[in-house]
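Here you'll find one protein chain in two forms, each presented separately as structure tokens under the names structure 1 and structure 2.
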Structure 1
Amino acid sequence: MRKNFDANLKELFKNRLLLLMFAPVFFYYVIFNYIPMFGLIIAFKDFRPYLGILGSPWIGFDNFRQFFKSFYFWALLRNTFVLNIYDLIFYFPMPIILALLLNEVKRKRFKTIIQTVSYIPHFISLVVIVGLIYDFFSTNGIINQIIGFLGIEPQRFLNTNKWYIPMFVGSTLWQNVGWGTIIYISALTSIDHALYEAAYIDGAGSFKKLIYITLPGIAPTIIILLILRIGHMMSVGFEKVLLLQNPGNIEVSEVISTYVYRKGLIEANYSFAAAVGLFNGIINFLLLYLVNMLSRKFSETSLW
């Protein structure tokens, strides 16, 4: 035992430079990630700034009870899920489809140009993207001018409940579909070419190759990305929601994360907002855990 301990100590000493290099990273994670997690205890307290986090009195689950009983609870839950489910259905499959289409392009130069162009919007700030949306979709903006030529009445795209979700998901699709393909394209290039040649000799057409070789080849990638996406089910798009939000669409655009911001940082109701945030985080984590478990059971692909 003693010998073992000495050996371990020696091992540590031998790697002291590695540990020293890792130290700033370690402290970064402790201070900026784990201390805030510990700070979540204010969700169970009546936090008063002058008493500090530790000095403030415990109040148990009062903040959570208040949130569950509040007038906004169901609306927030619904808005959050609806936005994310639309995003999941209308956005998530698109990069896969685009990657498959790009994969069929045999002219290398053409493919590279299309890819490069399709990545660009991903790198433009959300502020600019939302600024463009406000400009193009305003009542006298270019989109309304174009549909005016077609004899359609001007639409109030920006400040009505009706158009909020299509605008949100549509612009996400426009901005990110190209960038989203990158991970699938690298998965596609790692499929063994011999498989396609063998399939050809066996008389398989393009469609059969797609079903029996290509899709199984990228399935693990799709599953992992799906698990990660569902693990952020409740928090995707916070900054964009905040930028797109206005009094005209607040009924459908207010989601849990923006509510946390409003309650916590604008109204300085820290404990209550932390409780709402914790609720959100726990749901996210449970969803991640659940999907990961299901995936491990049925597909042998999982995060851990």
Structure 2
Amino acid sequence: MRKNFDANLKELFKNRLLLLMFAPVFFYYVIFNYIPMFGLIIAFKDFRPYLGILGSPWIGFDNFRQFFKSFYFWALLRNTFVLNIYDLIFYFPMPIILALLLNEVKRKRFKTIIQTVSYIPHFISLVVIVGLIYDFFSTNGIINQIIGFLGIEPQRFLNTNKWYIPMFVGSTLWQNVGWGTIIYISALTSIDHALYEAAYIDGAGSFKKLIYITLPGIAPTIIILLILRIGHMMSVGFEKVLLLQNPGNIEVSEVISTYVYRKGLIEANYSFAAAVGLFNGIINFLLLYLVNMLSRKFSETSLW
């Protein structure tokens, strides 16, 4: 045992620089992700700040029952799932498609320009993005001025339910599609070019190369990212949802994350907000576990 301990200690010392580089990441997750889990017990308490977490009285599952019986419960679930499903249908495949198209571009300069242009929106502040949406789609915005010039009646894009989801998904697509291609382009570069050369010799065209070499080559990456995405089906980009929200579209824009914000920070109902957040996290975990199990059963790729 002493010999094994010395060997492990020697190995740790040998990799001390790598461990030092990993330390900030380790402490970040411990401090900001694991230690705060202790506070989840307020979901089962009537939390009062002056009594503290441990001193507040236990109320069991009362906060959860209150949420399940509330008028907003099914509406929140519906809105959260609808936004995520639209995002999954329209946004998730687009970085894959763009990466495949960029992979076929032979002119390096043109390819670099397209990548740069598609990456830029990702670095724009979300507040600026929402400000642009308001400037373009408000009643007196550029879009309404253009369609008014064409003789079409101006639309209330920002204050109606029917336009909220298209604007939310469309702006997400514009902002993140380029950034999302990075990991797929990296996966494409790992495919052995000898496979393409062999396919060319056998007379395979571009489409057959795509079907039989390219897509199978990046399939593990697609599956892993799909599993992770479905594991966040109960989570929506809180900031943009809230910034685009107003009384005219709140019927479709009120999701679990904004509801937790209102209950927890605005109404200071910390225990109830913690219960809703815990319920949200449990559903995400169950979805992640289910999809990972199905992926492991039907393919060779899974998270664990």
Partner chain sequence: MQNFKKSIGEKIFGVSNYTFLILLSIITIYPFYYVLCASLSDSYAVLAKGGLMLYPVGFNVGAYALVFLNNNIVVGYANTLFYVFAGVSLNIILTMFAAYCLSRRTMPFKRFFMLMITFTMYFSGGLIPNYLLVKSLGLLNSRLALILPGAVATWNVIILRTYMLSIPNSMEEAARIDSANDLNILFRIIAPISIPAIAVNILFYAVGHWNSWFPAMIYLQDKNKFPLQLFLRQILIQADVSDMADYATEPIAENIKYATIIVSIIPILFVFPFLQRFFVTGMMVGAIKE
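Just so you know, these numbers come straight off a predicted model, no measurement behind them. Residue 1 is the first residue of structure 1, and the numbers go on in sequence order from there. Take the two forms, superpose them, and find the largest set of C-alpha atoms that agree within 1.5 Å; that set is the rigid core.
Student: With each form of the chain shown alone, which structure should be assigned as the form predicted together with its partner chain?
Tutor: Of the two, structure 1 is the form predicted together with its partner chain.
Student: Is there a C-alpha shift of 2 Å or more at V30 between the two structures once the rigid core is superposed?
Tutor: True for V30: a C-alpha shift of 2 Å or more.
Student: Against the rigid core, is the Cα displacement of P216 between the two structures at least 2 Å?
Tutor: It does not, since the P216 C-alpha is displaced less than 2 Å between the two structures after the core fit.
Student: For the rigid-body motion of this chain between the two structures, what is the smaller part's rotation angle in degrees?
Tutor: Smaller part versus larger part, rotated 21 degrees.
Student: Report, to one decimal in Å, how far the Cα of G151 moves between the two structures once the rigid core is superposed.
Tutor: A shift of 2.6 Å at the C-alpha.
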